[in-house]
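Shown below, as structure tokens, is a lone chain in the form predicted alone; questions about how it binds or moves come after it.
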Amino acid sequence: MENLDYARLQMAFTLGFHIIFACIGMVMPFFMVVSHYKYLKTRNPIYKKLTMAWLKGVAIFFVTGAVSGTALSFELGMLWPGFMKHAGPIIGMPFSLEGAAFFVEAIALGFYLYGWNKLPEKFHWFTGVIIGVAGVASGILVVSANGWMNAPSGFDYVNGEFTNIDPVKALLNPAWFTQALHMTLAAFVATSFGVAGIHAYQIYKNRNVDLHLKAFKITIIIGTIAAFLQPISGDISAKDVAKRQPAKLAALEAHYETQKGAPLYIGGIVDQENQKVSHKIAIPKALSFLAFGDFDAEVKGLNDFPEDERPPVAIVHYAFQIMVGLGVALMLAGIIYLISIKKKSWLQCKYYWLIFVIMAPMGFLAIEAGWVVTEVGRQPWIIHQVMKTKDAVTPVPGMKYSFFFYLVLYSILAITVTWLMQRQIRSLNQKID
């Protein structure tokens, strides 16, 4: 059990770091190309300075994402050999295609970094678009592999053997679209509000307001659009989970008993020993409707599943509540921005900017909570209904040393990235020559 616990800790810790790097790396190129486009149209040097600053941010997160992603790929084989032995031939395609997307992104980044005043302006700008598209494609392909773990397909499982492998069917598994849509929108929401919050803080401090106002506007518009689309993707994902992973749905809402017209719980403290949820707000029949489109639909409770096949209820429930709560808060922040378009006087109020400063980390916290829901909610399975996590872990002892090594490595990465980004932000406050 010590090996399993440390393997889980290491995977959770490294994935928790990588997902932030990856999301920022996926989305920031789009801020960069919008700013670049505005520079080409207006020739305003502020937009060029902003583009160059965001370009350096893209390069920083590309490198750190590559490092953390490479470490994760080694971890799959090192920590979970039982999983990779069987899953490798089946989900090798999305990882191979992700590698191809990564190389396309790297080539385009090279053109964009060194193409200033050397390439035709429109072609140079278009290479920036390729960086963003390739980054999003890379993220979607990785999420497809995770979707396969939640909805395994593309093989026959007979007597403990995986046969009749179809990599294309595995790539296009039943969960890939819902998870990819939800994750991509989450990346845009989190990164947009995160970057907008940084620029809002500079405006709050009255530093180079003209530049930071332009940067804030670009990022907050993208973030607001994504925040309003996110509940739609969340609804699609919830209906998919209700159909394929009823035990996860029951854990999300901490429902222990099967019932028709199941209520939706908002908040609540889970008492796993007595199988109760206290201090909650219950909306009658709402869960049945949201999950199945029918107010009287039956929702299976956790007690309908074997005890050793139930996910940890409290962790999943709290993570889900945090994810949804923060998503709603970000939508409300988006509404505040939309109102401020008409009420210009709000822009002169420091409390207005403070709202977006506070919102800056919330999207990333929501992403982390969402991944807890996805991964912990699938437990005890590493491949849903096929292989348990405990059967996939390495038998090699001493995983705690590996965990502490990765802990130090990723902490160094985080400190380095923070220092580099602080330098970039300070450079934005310098006057344009």
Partner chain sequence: MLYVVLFFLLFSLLLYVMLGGADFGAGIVELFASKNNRANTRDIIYKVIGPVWEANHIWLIILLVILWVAFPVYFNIIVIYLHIPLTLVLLGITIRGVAFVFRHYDAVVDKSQFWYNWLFRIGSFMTPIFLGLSFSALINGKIILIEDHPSASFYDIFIQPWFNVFGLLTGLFYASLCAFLAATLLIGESEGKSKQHFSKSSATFTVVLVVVGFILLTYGYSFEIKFIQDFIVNPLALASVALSGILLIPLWKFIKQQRKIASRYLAGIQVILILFAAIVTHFPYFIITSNEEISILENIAPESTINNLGWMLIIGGSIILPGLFHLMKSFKMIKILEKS
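Positions refer to the first chain, counted from 1. Remember, it's a predicted structure, so these values are computed and weren't measured experimentally.
Keep in mind that the form predicted in complex with the partner chain is missing from the display, and what follows is about it.
Although the partner is absent here, G261 sits far enough away that none of its heavy atoms falls within 4.5 Å of the partner chain in the predicted complex. At a distance threshold of 4.5 angstroms between non-hydrogen atoms, T70 is in contact with the partner chain in the predicted complex. Though the partner is left out of this view, I107 does reach within 4.5 Å of the partner chain in the predicted complex, counting heavy atoms only. The closest heavy atom approach of V396 to the partner chain in the predicted complex falls within 4.5 Å. Residue-level contacts in the predicted complex: of I269, I283, V328, M78, one residue has a heavy atom within 4.5 Å of the partner chain, and it is M78. Contact with the partner chain in the predicted complex, judged by any heavy atom within 4.5 Å, is made by just one of I221, I198, L97, M362: L97. This chain is displayed without the partner chain, yet in the predicted complex the stretch 403-411 from 374-382, 35-43, 403-411, 22-30 comes within 4.5 Å of it by heavy atoms. Heavy atoms closer than or equal to 4.5 Å to the partner chain in the predicted complex belong, across 82-117, to the residues M84, K85, G88, P89, G92, M93, F95, S96, L97, G99, A100, F102, F103, V104, A106, I107, L109, G110, F111, L113, Y114, G115, ordered by sequence position.
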